[in-house]
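In structure tokens, the next block holds one chain alone, the form predicted alone.
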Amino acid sequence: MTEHLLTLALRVLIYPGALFLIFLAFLYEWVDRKFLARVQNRYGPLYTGPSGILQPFADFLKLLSKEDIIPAAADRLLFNLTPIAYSTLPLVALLVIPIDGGEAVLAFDGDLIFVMFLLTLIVVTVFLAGLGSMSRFSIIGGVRAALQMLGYEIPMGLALIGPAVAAGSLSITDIVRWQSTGLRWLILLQPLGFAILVCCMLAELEYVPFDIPEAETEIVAGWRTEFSGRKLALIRLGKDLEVVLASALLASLYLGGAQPLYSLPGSITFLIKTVLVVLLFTFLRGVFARFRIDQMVSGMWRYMVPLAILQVILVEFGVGR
């Protein structure tokens, strides 16, 4: 019993738990910044570590040392708690995704629904962070985030349910195992669902063309405007962890997950697939311009929702299994 608890604690805290996931968060931020710079004909991070690979970690440490300012009009409870929640929620969601080729740390039946619930809570946290700041820019950013969620939440949920219907399980681990049987990667069977989920994850991450809640040319930094110091460091870490979560979900549900491929260990397979997804996110944000909030919501309801419903109907009738 003691040995089991020790093993579980090591898995939660070290590998494939918190420390490993935070390392991946910094690594994927570097990959994102470096590749985006190449897309835009820039250099990107350059000096801190080999090819600037330690720059995200250095930025995090720098923010920890900065002054932490709380606006006089802010709701202190919301202002202090939302950065903690924003960095914790994606970390908890990642613990139910199998990222080392075996069982997830917190795997259970229905964990896909749990992840969908946490994705919604992340946006609610963003809204509360903007509201608690009591700044006109932050409130507008928070309201935009909530309104944007109303546009992409339904198609995202349907795109996440498609693989579950095909595999006959709401467990992410079971969906990954189902795909490993004969290499039935769902990106080949359900390409429409994959494309819809990519678009919705761009909106969830507030990436271009859906960076409406933090449009720096319109509302400074949106809902993050008033945060500084340790709180801003936690928010940036939370965003990096959310990138890992989005790429891990796409890799697990549509690319076969972390099941060992050929002679590669499961963890290496997971890294390769998720990095490819991050590069796809980065390329799309580098080549598109920002939508208006009305264009985003209207487009999601007019096009994404019907296509997502069609995708689920096709899977239910045996197409894409």
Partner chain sequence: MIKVPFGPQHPALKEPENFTFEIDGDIVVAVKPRIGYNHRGIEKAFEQRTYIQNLYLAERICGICSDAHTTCYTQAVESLLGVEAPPRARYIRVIVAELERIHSHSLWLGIAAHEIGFDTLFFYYWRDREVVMDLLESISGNRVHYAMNTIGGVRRDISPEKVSMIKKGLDFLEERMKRYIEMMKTDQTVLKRTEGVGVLKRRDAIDLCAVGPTLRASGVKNDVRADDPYAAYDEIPFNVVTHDGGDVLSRILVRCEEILESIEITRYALDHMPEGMTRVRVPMAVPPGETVSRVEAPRGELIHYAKSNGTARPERYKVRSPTLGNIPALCKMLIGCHVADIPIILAGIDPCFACMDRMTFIDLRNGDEWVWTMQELRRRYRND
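Numbering follows the first chain given and starts at 1. Just so we're clear, the structure is a prediction, and the values are computed from it rather than from any experiment.
Omitted here: the form predicted together with its partner chain. The next part is about that form.
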property	result
Interface segment, criterion being heavy atoms within 4.5 Å of its partner chain in the predicted bound form, picked from 114-122, 135-143, 196-204, 166-174	135-143
Partner proximity in the predicted bound form: P260 to its partner chain, non-hydrogen atom cutoff 4.5 Å	no
Its partner chain contact at L189 in the predicted bound form, heavy atom, 4.5 Å	no
Partner proximity in the predicted bound form: V39 to its partner chain, non-hydrogen atom cutoff 4.5 Å	yes
Any non-hydrogen atom of V220 within 4.5 angstroms of its partner chain in the predicted bound form	yes
In the predicted bound form, the one of L91, L158, L250, V208 near its partner chain [non-hydrogen atom within 4.5 angstroms]	V208
Stretch 260-289 - residues with a heavy atom within 4.5 Å of its partner chain in the predicted bound form	G286, V287, F288, A289
